[in-house]
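Next up is one chain by itself, shown in structure tokens, the form predicted alone.
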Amino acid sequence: MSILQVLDLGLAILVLAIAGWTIAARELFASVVGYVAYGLLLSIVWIRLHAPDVALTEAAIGSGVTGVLLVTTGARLRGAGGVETAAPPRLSQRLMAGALAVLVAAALAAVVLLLPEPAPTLAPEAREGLAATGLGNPVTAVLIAYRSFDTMLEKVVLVLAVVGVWSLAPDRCWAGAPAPLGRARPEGALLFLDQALVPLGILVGVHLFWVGADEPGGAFQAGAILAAMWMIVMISRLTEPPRVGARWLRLALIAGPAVFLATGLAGGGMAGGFFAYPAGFAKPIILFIEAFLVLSIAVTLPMLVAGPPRRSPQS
């Protein structure tokens, strides 16, 4: 057994151990920390499976954005007394949840183990059309060129999710701002972390967007990292969540899907098909679309974490 195989085996055992510890943890904060660690370990697993794009997404969304969402949710539940007063699940509920988890895991394992050899793939067909798009990253080509309508609808779903969260606001708070995410007086260490991490994170996000056409990266990964930077700034109270009635915020939310749809409709006149790109101009048009997608994703995810408006527009 090679050293890499030993490391892979150890990584698999560690992932399972962290998953079990996350489930067994009694305190909410401990469970969230375990979940974040679990997501980071999964990112390493995806790297070992030669899927860097998935690894970046898992690190940014699975650990970063979702971790912040769980931390802020736990803090609000503690503030409202929801964690302490909620009745723990009964033994029958726990057994049912465990049995369901085992059943799903067994089904997924069966699907993987029963795949034919070699496993079916559309990778050769995807690479054949890669030159026509001018892109070097097949993942970006699949998302923006081959299944562009699905990708656009995914961004529409994010916008609808924000609208659903905002709809939970009391009438008197509509068009106001969500509640602050952090303490009134954040610790100095958090402020120092913001000053050191946020500028670097912004550079990484812009870099992932720019190289995503040819290397691992892209709009979703870049937007998620920029969203995480904005959330860090809001948690440290260097800025407050914006009013949901602000025109710039609403324009930023719909910019990505709107530009995506407008470009798809223009494809009928430019290239003779819905979501078709004219020859020789596919790459700059795709980068143009992704620039607005980055903006929308970077705004949508923090607003989902911030929650519904809790302050009136006048406050």
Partner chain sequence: MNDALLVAAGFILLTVGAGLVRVLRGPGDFDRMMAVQLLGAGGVASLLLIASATTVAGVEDVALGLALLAAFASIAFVNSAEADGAEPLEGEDG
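Numbering follows the first chain given and starts at 1. The model shown is predicted, which means the values in this text are computed figures rather than measured ones.
A second form of this protein, the form predicted together with the partner chain, is not displayed here; the remarks below concern that form.
Shown here without its partner, the chain carries 204, 232 and 235, all of which come within 4.5 Å of the partner chain in the predicted complex through at least one heavy atom. The partner chain in the predicted complex comes within 4.5 Å of a heavy atom belonging to residue 56.
Put simply, residue 298 is far from the partner chain in the predicted complex: not one heavy atom of it is within 4.5 Å. Though the partner is left out of this view, residue 213 does not reach within 4.5 Å of the partner chain in the predicted complex, counting heavy atoms only. The partner chain is not shown here, and in the predicted complex it never comes within 4.5 Å of any heavy atom of residue 279. Contacts of stretch 23-41 with the partner chain in the predicted complex, defined by any heavy atom lying within 4.5 Å, are made by 27, 29, 30, 33, 34, 36, 37, 40, 41, listed in sequence order.
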